[in-house]
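Consider the single chain below, provided in structure tokens and representing the form predicted alone.
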Amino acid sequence: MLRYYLELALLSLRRSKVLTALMVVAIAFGVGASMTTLTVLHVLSGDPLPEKSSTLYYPQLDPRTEDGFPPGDDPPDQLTRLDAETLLAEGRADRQALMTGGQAAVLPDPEGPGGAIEPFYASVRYTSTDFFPMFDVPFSAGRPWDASEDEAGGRVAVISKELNDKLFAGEDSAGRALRIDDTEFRIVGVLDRWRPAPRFYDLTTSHFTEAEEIYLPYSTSRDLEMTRAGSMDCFDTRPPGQTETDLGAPCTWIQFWVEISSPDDAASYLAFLENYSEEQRQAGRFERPVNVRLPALMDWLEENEVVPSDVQLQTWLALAFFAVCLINTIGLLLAKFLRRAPEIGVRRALGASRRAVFSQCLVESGVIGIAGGCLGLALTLLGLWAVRQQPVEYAELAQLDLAMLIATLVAAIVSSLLAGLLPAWRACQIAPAMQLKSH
């Protein structure tokens, strides 16, 4: 029976080519516009570490002075150097990593595999060794540095795949020397392609930029007084001679993450933070009442509203446009089915049930949806290509994955079936006697 309905639907659509084309185009443009924006929203709002996000937490403390204290105020987004290093040394979580960003001058070997390359600046992440296993950072060669190299301020480095391709023509560079800021480092590992979206581990700057090119031990960066970059908030006057990045400076500028395997352990860690904060308050270092938080990864992303507001607005506008397209499709289907009232009346007089007429009309709507979905998929790919040409940090991420490809086709078919419900119901209500009498 379905095959028969399909044959009738194709015959009917061929008889009204212009009307059919209008409906297919309406569905296609609605699907193309909405799925383009939904794909971008899907990419930007996704879970960057779906297998581990529930075990990653971002501790927050409030070391600020009591001046201007508003009750209920959230703690700062970052930690002071003293607090971050203390929490790292305590080691109360399964894994923990402190970090900050920076830039450093790279002086390539002119006789290296990459050829003669002028010195350039590269983005750097100063962190501790747990950064790599905690965030499931993939390696193509070598390994992370170990805890002993962290403690000793080792002159070791991990570099990105892109930097390895640039400097060493893609060869395994583990064990080779790399000169950074006039200091020679030994490369211990090379990352595989890695670009978490968003760049969740540091939301103080751009949310969707590429991951860093070089990773160095945090302790080494402080020993060498390497340049840092990123957000910093100093909440009190520093003593003479003290810099912003000194150990006791009243400035928050370090991100700190912990991995905790169970909710009970997370509750224990939160209690530890509260006790630590109270100890610091009693020692006179913290002035405000205990104010700590321990949001999980996805909660932290939601609080920071990482999805750009313009993307959200574009999504709502595209969905509204899709709704307008569906309304137009409903009108066109209604006109098409009612124009066939004599034909439907004859079918009903010859014994066709209302259910049969209704089913046939829905199959016709579904065929329109399939055609509109295929054209809509092409428009979605075109729309995503246009997004990738824009000068925005997330442009490269606008790619259609399998899930969104299937969603595009399903959206087109389902929307066309929904659009066909009212016209199909009106068509099956046609009284055969009236049609036969008028003809």
Partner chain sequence: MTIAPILRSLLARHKTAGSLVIVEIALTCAIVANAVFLIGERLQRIQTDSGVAERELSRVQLAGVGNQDDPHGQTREDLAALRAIPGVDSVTITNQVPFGSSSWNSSLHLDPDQSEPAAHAALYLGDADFLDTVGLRLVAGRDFRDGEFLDYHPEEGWQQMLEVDTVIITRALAERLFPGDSAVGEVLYFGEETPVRVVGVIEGLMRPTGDSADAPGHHSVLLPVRTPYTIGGSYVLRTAPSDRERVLGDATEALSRPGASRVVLEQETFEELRAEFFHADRAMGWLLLIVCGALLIVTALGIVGLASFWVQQRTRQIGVRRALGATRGQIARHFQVENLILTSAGIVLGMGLAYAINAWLMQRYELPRLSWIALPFGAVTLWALGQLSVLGPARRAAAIPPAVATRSV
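Positions refer to the first chain, counted from 1. The model shown is predicted, which means the values in this text are computed figures rather than measured ones.
The same protein also exists as the form predicted together with its partner chain; that form is not shown, yet it is the one meant from here on.
None of 164-172, 234-242, 123-131, 252-260 except one has non-hydrogen atoms within 4.5 angstroms of its partner chain in the model of the complex; the exception is 234-242.
Within 4.5 Å of its partner chain in the model of the complex, a heavy atom is found for all three of Val324, Leu334 and Gln390. Think of it this way: in the model of the complex, its partner chain has a heavy atom of just one of Thr220, Asn328, Ser277, Thr204 within 4.5 Å, and the residue is Asn328.
For the options Asp310, Glu111, Asp74, Glu184, the one in contact with its partner chain in the model of the complex, meaning a heavy atom within 4.5 Å, is Asp310. The closest heavy atom approach of Leu421 to its partner chain in the model of the complex falls outside 4.5 Å. Proximity of Gln314 to its partner chain in the model of the complex falls within the 4.5 Å heavy atom cutoff. Within 4.5 Å of some heavy atom of its partner chain in the model of the complex lies at least one heavy atom of Leu22. Residue contact check for Ala320: one or more of its heavy atoms lie within 4.5 Å of its partner chain in the model of the complex.
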